[in-house]
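Take a look at this single chain in C-alpha cells; it is the form predicted on its own.
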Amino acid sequence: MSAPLAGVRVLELGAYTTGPLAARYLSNLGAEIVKVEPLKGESVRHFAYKVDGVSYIFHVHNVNKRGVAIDSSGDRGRNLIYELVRKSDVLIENFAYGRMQSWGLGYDDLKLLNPGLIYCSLSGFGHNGPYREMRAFDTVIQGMAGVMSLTGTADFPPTKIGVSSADNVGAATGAMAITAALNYKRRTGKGQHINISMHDVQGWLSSAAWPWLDTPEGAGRDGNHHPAVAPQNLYETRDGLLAVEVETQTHLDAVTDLLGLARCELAQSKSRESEFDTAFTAWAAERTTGDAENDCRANGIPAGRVQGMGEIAENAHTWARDMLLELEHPTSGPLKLLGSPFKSTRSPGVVKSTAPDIGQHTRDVLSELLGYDKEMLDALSKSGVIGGP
C-alpha cells in the first residue's frame, strides 16, 4: 500500500488551527510535513488543557510532522526559509492578510524561487474584498458569516457552535484545494496561489438557510427543529436524550404509526410540529435511551442517543473506525489522539508519530534537504538563527 501523497513535501508556516490542521490532513494522506516555528514555538503549544506543558490540541494538529525552529526575523533565518521553499511542493500559511508579504514571504516573492510552488493562504476573510484587512478568529467568523444567527433558540441570543467550525472546515477546504492543485500541477507543471477564506466556508455551512432569504420571516433560530419538516428534536428519555430527524415521507409515516397519530404529507408536517413533539416527548419519557433508540431503528426512524465526549472516547465504534489511536510520545508516554479521517482500501491513512518538540528535527531537515554540515548548523545555533536539541 502507498499513501496517495507520498513524495509530496509541504512547508507549513502556520499557527493556531487552520494552517496546522490542513497540513495534518495532508500528512494523513502521506505528505511529508516540515513545520517551521519561531524559536519559542507556536502559541497554541500553551493553550488550554496541557499534557506535560504542551496543549493537547497541539498534539492533535501536529502528528506526523518534522519540527524546525527558525528565527525568520533576520536575513539569515529568512534565507533558510527561502532555501526550504525551493525544496518544497506546497507552502501553507494562515497569517493575517499582508503579514507574509511584509516578511518577504508572499506568493509573488516565493514563486520567483519556485515557479511550481502551490502556496495556500488560509485567512479569516481571504486576500481580496473589503474585509481582507480584518483580524478574526473562529467566533468572530461564526458571527459575521451568519452561522451564529442560526444557532440556538428564538428566545435567546445567537450562540456559537460548540466546536471551531470555521477553523476546522477551513482547514479541510484548504487540504482539498491543495490536492486539486497538485493534480493540476501534475498535468501542467504549474503552481498557483490558493486563497481560502473562513468567512466563505462558513457561508457554505449555512447553505440550507439561503432559500429563505426572500421570505418575509427569513431564516432564524429554532433550536433543534428543522426549518421545513417535522419532527426533528431532542426528546428526554428515562436516562438520557434521544435525537430524532425525519427527512422523508417514509420516515414520517413510520413516526406517525409508532406514535399512533394520523398520517400526513411531508410538506404539511411542519404545521403539526407541536403535536409531534408532545407525542414524542411522552413516548420517550416511558423508555430508556437504549430502548427508544432500538424501537426507532426497528421502525426505520433515524434516531440516536446524545453522547458526551467521554462516552464517544470509550465507544466501540470510535475504536473500530480508528477515530482514536494511542501513540507513544517520547516524554509524555501514551497519548490518545485522533486518527486519520481518510479510509480507503489502498490508503487507510497515515498516523505514525506524535507532534514534534520545538525544533526537534531542525538539524536533520537542514542537513538532509539543504546539505548543511555540523559546523554550519552549530554556527547557526550559536547565533540564534535556529533552535532545537
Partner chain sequence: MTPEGCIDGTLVIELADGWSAGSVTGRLLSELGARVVKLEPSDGDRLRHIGPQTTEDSSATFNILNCNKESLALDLRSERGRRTLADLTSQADILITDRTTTEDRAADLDLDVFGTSNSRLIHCHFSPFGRSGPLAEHSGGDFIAQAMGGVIATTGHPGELPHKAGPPLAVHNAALMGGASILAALFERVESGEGTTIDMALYDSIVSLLYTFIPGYFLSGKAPGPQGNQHPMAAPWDNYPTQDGWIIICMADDRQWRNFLDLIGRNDLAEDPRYMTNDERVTDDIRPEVNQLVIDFLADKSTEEALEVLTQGQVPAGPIYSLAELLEDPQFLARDMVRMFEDDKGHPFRTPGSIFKMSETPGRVYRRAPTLDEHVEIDL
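Numbering follows the first chain given and starts at 1. Model, not experiment: these values are computed from the prediction. Each form is matched to the other, and the largest set of C-alpha atoms that superpose within 1.5 Å is called the rigid core.
Beyond what is shown, the protein has a form predicted together with its partner chain; the following relates to that form.
*Asks:* Only one of these stretches, 80-88, 290-298, 254-262, 277-285, has heavy atoms within 4.5 Å of its partner chain in the predicted complex; which one is it?
*Replies:* Among the candidates, contact is made by 290-298.
*Asks:* Within 4.5 Å, heavy atoms only, which of Leu338, Leu39, Val351, Val34 is in contact with its partner chain in the predicted complex?
*Replies:* By the 4.5 Å heavy-atom cutoff, the listed residue in contact is Leu338.
*Asks:* Considering Asp109, Asp75, Asp239, Glu314, which brings a non-hydrogen atom within 4.5 Å of its partner chain in the predicted complex?
*Replies:* Selected option: Glu314.
*Asks:* Looking in the predicted complex, any heavy atom of Ser271 within 4.5 Å of its partner chain?
*Replies:* Judged by the heavy-atom cut-off of 4.5 Å, Ser271 is well away from its partner chain in the predicted complex.
*Asks:* Might Thr331 be said to contact its partner chain in the predicted complex, defining contact as any heavy atom within 4.5 Å?
*Replies:* Heavy-atom contact with its partner chain at 4.5 Å: absent for Thr331.
*Asks:* Leu122 versus its partner chain, in the predicted complex: is there a non-hydrogen atom within 4.5 Å?
*Replies:* Outside the cut-off, so no.
*Asks:* At the 4.5 Å heavy atom threshold, is Asn114 in contact with its partner chain in the predicted complex?
*Replies:* It does not: once its partner chain is placed as it appears in the predicted complex, Asn114 has no heavy atom within 4.5 Å of it.
*Asks:* Could you pull out the residues of 26-50 that have any heavy atom within 4.5 Å of its partner chain in the predicted complex?
*Replies:* The stretch 26-50, when checked against its partner chain in the predicted complex, contributes Leu29, His46, Phe47, Ala48, Tyr49, Lys50 at the 4.5 Å heavy-atom cut-off.
*Asks:* Once the core is aligned, does Ser269 move its Cα by at least 2 Å between this form and the one not shown?
*Replies:* Where the cores coincide, Ser269 still shows a C-alpha shift between this form and the one not shown that is 2 Å or more.
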